[in-house]
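Included below are structure tokens for two forms of one protein chain, each presented in isolation as structure 1 and structure 2.
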Structure 1
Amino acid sequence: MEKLDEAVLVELAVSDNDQRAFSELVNRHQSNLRYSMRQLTNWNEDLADDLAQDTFIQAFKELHRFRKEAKFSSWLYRIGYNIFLQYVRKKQLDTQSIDEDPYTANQLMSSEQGDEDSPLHQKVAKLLAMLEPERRSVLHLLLHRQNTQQEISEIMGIPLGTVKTHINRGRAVLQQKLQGWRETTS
């Protein structure tokens, strides 16, 4: 089961309703998806895991729509992004806060929680939280997942021009914030 191709696993899950095959897909992709969700939710681990679980469940329900020529991780991320956006719309979770200094907030969080493993990742998540959800996802896909602009456009289902705008403006905001942090710390 472990060495089977993803297309075969999808076929087994769809035609034979083989949940073991789908569990194998979960095993292969959970780490990346859970990490991405943490980056999108300002490193809220519980929320990120809930969204990742919802993503896998939704993916299972829509597995018959998966085209074999597509990349499973991209397809999964598309579902995940939609789940994240639905959550934001429903709960009005918008962590964007230009006034808040993420570096300071991150320092506080680190000292309170004593989490020595992920200050870098929390810092990146805090930085991304400066952006509105769609722009945040674009920047995450570009800078962390290293997707091309065309791939981002396809994954997120938004026009290429919008992707470019998000990248230009998002980068500008992140760069300014980083510059601000550097000046604060120096």
Structure 2
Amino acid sequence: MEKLDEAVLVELAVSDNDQRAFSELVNRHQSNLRYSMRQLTNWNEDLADDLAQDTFIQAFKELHRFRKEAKFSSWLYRIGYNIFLQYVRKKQLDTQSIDEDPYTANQLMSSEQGDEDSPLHQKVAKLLAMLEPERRSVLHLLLHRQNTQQEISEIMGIPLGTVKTHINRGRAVLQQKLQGWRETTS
């Protein structure tokens, strides 16, 4: 399929029930969504892939509700984040139980992003995994997906002030922990 605008692909998928158009949307966003889910699940690839698949299934079902004022990726990440939260609530997981998952630092090495094998990136990923899911999600969307604070607010369905608080407090924790780590690695 030629490189069509995402709004055109959405319209084709909704109005003509064009499976190829939706497949193209999936192809464009699956790597980034899977990476985001891996971050949220502390690098549990199997769980992340399941959540990403559930996200695309839900997106397909709800595609007719997509408002074209937002970016498709923001809308998709909101669905993904909500599916992640449903999973966490269903399993009643907290940060400790996610950290006890067998998929941890070893999964960092197989990630698709560019510099995941750097010691700094690994340390940041481990520190992010220690944060509660909502703060971890905010920082992930800011640092890795490079969303604006307003986009994060819309994706997560939380007030802009809450986003800013999570960013400020999360950055403070990361800076504090990284300062101690840099001193021990220097």
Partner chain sequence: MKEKIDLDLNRLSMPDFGESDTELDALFSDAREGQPALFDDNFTKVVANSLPTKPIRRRKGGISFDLIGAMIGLVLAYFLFDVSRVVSGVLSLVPETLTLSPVHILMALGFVSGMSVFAWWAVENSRA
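Being a predicted model, the structure only gives us computed values, none of them experimental. What we label the rigid core is the largest C-alpha set whose atoms superpose within 1.5 Å from one form to the other. Along the sequence of structure 1, residues get numbers from 1 upward.
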Just verifying the output here: the form predicted on its own should be either structure 1 or structure 2. Which one is it? 2
Core-aligned, is the CA shift for residue 174 between structures 1 and 2 2 angstroms or more? yes
